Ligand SMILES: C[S@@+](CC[C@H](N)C(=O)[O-])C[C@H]1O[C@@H](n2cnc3c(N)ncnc32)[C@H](O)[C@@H]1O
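The chain below stands alone, shown as structure tokens; this is the form predicted on its own.
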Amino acid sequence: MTHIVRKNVKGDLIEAGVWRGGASMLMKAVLDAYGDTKRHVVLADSFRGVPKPKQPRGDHGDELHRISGYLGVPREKVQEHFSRYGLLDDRIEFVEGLFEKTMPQLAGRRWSLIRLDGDLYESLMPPLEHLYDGLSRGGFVIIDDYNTFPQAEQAIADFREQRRVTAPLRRIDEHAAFWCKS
């Protein structure tokens, strides 16, 4: 976030898969702390949990839909979290629905940060396919649970190969990874 603001990397920020909204709240708080009043933070989610995979891949990600009661935090609850910390304003955008339906409407926008927390192959590919072309040079793709779900790792490998992305993929911790678009 500080790199994006200090280097003036153009574009809004999006989190695809927001759960309770914590990472998006941090994005907005950092923008506010730096006095950045132009960028928007987009929260894209079904707000109902993880859908049952259309094409099971034979790993534990296939079962995430079974805990949708836990993972499905309603939009109103996420908005309450933003409000509680004074972060809810007209620069916070909510995009509700499954990524295969919602990501095409976001294509063509400029992004400085794309944070992906879709976990499943079919939840990660639509954001990558529709948003990546709008990612500015010096912008970041962050994949939560990259090292947790084999489906996430496979989606990222397939996308990077298809698009010939050569920027180094770096681990953040035991779960997440990122790359910076050059």
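We number the residues from 1 along the sequence you see. Here the structure is a predicted model, which means the values were calculated and not measured.
Omitted here: the form predicted in complex with the named molecule. The next part is about that form.
Not one of Asn147, Arg160 and Pro168 places a heavy atom within 4.5 Å of the named molecule in the predicted bound form.
Not displayed here, the named molecule is kept clear of Val9 by more than 4.5 Å at the level of heavy atoms in the predicted bound form. At least one heavy atom of Val50 is located within 4.5 Å of the named molecule in the predicted bound form. The closest non-hydrogen atom of Arg39 lies beyond 4.5 Å of the named molecule in the predicted bound form. With a 4.5 Å cutoff on heavy atoms, Lys28 does not count as touching the named molecule in the predicted bound form; it lies far away.
Note on the interface: of 152 to 160, 28 to 36, 41 to 49, 132 to 140, the segment with non-hydrogen atoms within 4.5 angstroms of the named molecule in the predicted bound form is 41 to 49. If you take 95 to 126 and check each residue for a heavy atom within 4.5 Å of the named molecule in the predicted bound form, you get Gly97, Leu98, Phe99, Glu100, Arg115, Asp117, Gly118, Asp119, Ser123, in sequence order.
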